[in-house]
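Below sits a lone chain in structure tokens, taken as the form predicted on its own.
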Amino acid sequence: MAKSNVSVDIKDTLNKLTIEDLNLKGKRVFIRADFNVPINENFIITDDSRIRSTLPTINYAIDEGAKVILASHLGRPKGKVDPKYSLAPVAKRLQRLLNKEVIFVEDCVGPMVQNTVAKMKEGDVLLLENLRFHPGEEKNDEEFAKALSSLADYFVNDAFGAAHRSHASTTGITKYLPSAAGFLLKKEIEYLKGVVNNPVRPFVAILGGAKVSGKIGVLENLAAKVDKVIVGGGMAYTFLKAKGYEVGDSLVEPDMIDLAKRIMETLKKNNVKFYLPVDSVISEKAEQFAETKIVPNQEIPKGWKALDIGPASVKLFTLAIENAKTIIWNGPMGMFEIDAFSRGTFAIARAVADAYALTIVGGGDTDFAVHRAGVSDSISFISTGGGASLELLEGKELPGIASLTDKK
């Protein structure tokens, strides 16, 4: 369990119908889930957390007596049938997790699917084959969306990881069916939007990852809302370059230097405390057994690149986090997938987990990092969507949420 008892006021964050507003008894409910899980060459799922996160919505629909039709994408089959991206292994895992039969059908539209749906009884669960086997899914083709909608009485979106996409199964289908949010989607919005709009202070944002360009929107949106911004990862060296530091061969986006200067000025104007690494773990190569050194950032030599924050930066960032009441973290502090450059990210993961704060971790790499650091149980909320959580933190409206039916 998360250690924090800090709560957030999340009233009125989502003014859309939710699954609890629907009378599901005897109805066919089409649930768009995000079952885009890692599957190895032996067709074994190596991490089923995305499947587990949708179980509350599926179980609620079963308990209410609905006929549950599940749909998802997996990978990027580019509109063609590719057995490598079949959802058959997901059906097997789901069957085990639900402890009941999951009917699997080898397409998502057409007579075979319609016949199977027609035979369903209350409480039955059906999983359709990969939506992206059809080019109409990613093109948001109207006929394909209509074909999907013909299978059901209601649409429920619980795929936060795909909510920033305007596809047939996320937005197109909503034109034809009453559309509601599932429990996971609702929770994501409440945490990511509710916290940013109404944080308990001090509010700290930790941003990492490779490039400034990927986080500009987040920085600009949070500049007027946070009390502290901590920047690590590859993106930090563009800021250090903007401050006049020599950063050797570290990752720098030259066309982002002026913008980095502007962002720092904005943060200063808003009295937001801004933290950059003061030392780095450097190497000539991004390889496990390459020679490494720890140097102050003023002393990164030519030919060497910074690949992780150093121990002094870890201390500085940990102290900055210590009194926080709300923390949002998106992006690792270095190339943590290589052990030699993982210490900074894992140390920050532990500091976030130990903070007496409401802690929110963005999806993707950061999610993987907190799991690898062994602290995921001490984080208040881990988002399931990488791109979707970033866009929400940028203050953007996500099409998969905007298209749901408004609450009257």
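In case it trips you up, residue 1 is the first one in the sequence shown, and so on. Quick caveat: nothing in here was measured; it's all calculated off a predicted structure.
Omitted here: the form predicted together with a small molecule. The next part is about that form.
**Q** Counting heavy atoms only and using a 4.5 Å cut-off, do 73, 367 and 385 all touch the small molecule in the predicted bound form?
**A** Checking in the predicted bound form: none of 73, 367 and 385 is within 4.5 Å of the small molecule.
**Q** Of the listed stretches (327 to 335, 91 to 99, 144 to 152, 219 to 227), which one has a non-hydrogen atom within 4.5 Å of the small molecule in the predicted bound form?
**A** Flagged stretch: 327 to 335.
**Q** Does residue 210 reach the small molecule in the predicted bound form if we count a contact as any heavy atom within 4.5 Å?
**A** Yes, residue 210 sits close enough to the small molecule in the predicted bound form that at least one of its heavy atoms falls within 4.5 Å.
**Q** Classify residue 215 as contacting or not contacting the small molecule in the predicted bound form by the rule of any non-hydrogen atom within 4.5 angstroms, answering yes or no.
**A** Taking the distances in the predicted bound form, the answer for residue 215 is yes, it comes within 4.5 Å of the small molecule.
**Q** Answer yes if any heavy atom of residue 161 is within 4.5 Å of a heavy atom of the small molecule in the predicted bound form; otherwise answer no.
**A** The answer is no: residue 161 has no heavy atom within 4.5 Å of the small molecule.
**Q** Spell out, yes or no, whether the shortest heavy atom distance between residue 317 and the small molecule in the predicted bound form is within 4.5 Å.
**A** Contact with the small molecule, no.
**Q** Please pick, from 234, 172, 277, 182, the one residue with any non-hydrogen atom lying within 4.5 angstroms of the small molecule in the predicted bound form.
**A** Residue within 4.5 Å of the partner: 234.
**Q** Of the residues 307, 260, 131, 206, which one places a heavy atom within 4.5 Å of the small molecule in the predicted bound form?
**A** Only one listed residue qualifies here, and that residue is 307.
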